[in-house]
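First, one chain by itself in structure tokens, the form predicted alone.
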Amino acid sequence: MTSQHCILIGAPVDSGKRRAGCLMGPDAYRTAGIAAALESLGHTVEDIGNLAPETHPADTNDGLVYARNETIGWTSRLAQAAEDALECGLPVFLGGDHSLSLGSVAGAANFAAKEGRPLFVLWLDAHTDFHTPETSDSGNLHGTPVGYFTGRRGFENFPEVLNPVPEENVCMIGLRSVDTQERLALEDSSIRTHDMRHIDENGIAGPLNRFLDQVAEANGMLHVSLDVDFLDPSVAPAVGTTVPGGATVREAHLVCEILHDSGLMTSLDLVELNPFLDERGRTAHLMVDLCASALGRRVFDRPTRSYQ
């Protein structure tokens, strides 16, 4: 296994939705032993601590869109952090809600463009997050990152997306909660979507491997964004957007093991962990285990955990 330099970037983003708690996520991952898990696989680990958003005007929240200015501040800071970290290694963004991906993916796309390579995005999530601030009924910006980094209009005052990710370079797996506006927009897009019915009927390896073949053929870079709600809430309860019928533990590990086997992943988001909703850290530990699988841990290396 090739050793990587993994850069842990704390992104305690809690502005993408109204339910508080994701700001505790980065420290929960650290407490669950993410650095030690990666070091045990032969990787070097650098933890740069928790970032803060760029200076921004205070949000009044007197309109539908929640915490727009704070999220803009986070987007600017995380885009630069992603671009800088990719110069040195493989960034792992410890979230934080999914609005952090407005910045992490935009920054990864900027770096890929400098390298003359296309960026591909694997979106592991119950939701498509393909809204814009103008189309969102909730006003929660954690539902907008894919719309942002693919270049949809409607992101007034956000940093300009200099290198939009082509829609055909985005693959979504695990979908099971898509509202009407998102569905109609996706039907007009080139984004690959695989809902849980498709996974139930065909398995999870096939669509993933076909996507990875496309990445490899294009000599692309691959950003993986893993949302806690990709998993079934029976095994990962620490998320404010639970949707029954998600991926099993084994399906999720298979995805991560295939990712490692491909050798294609160049950056990673771990998002939407809300430790306030967890059960004795079980979700944080599972997400750390999945991260380790994506970076080389095999079945026989995986410790057995007890929650007794």
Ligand SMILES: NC(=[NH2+])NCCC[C@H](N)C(=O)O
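Model, not experiment: these values are computed from the prediction. Residues carry their position along the shown sequence, with the first being 1.
Just so it is clear, the following notes concern the form predicted together with this ligand, a form of the same protein that is not shown.
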{"query": "This ligand in the predicted bound form: contacted by all of Pro233, Asn274 and Asp278, heavy atom 4.5 Å", "finding": "no"}
{"query": "Candidate from Ser138, Gln214, Gln80, Gln181 lying within 4.5 Å of this ligand in the predicted bound form - any heavy atom", "finding": "Ser138"}
{"query": "Interface stretch in the predicted bound form with this ligand - options 124-132, 68-76, 102-110, 186-194, non-hydrogen atom within 4.5 Å", "finding": "124-132"}
{"query": "Interface membership of His142, this ligand in the predicted bound form, 4.5 Å heavy atom rule", "finding": "yes"}
{"query": "Distance check, Thr266 to this ligand in the predicted bound form, heavy atom within 4.5 Å", "finding": "no"}
{"query": "His98: touches this ligand in the predicted bound form, heavy atom cutoff 4.5 angstroms", "finding": "yes"}
{"query": "Heavy atom contacts to this ligand in the predicted bound form at 4.5 Å, residues of 225-246 in sequence order", "finding": "Asp227, Asp229, Thr241"}
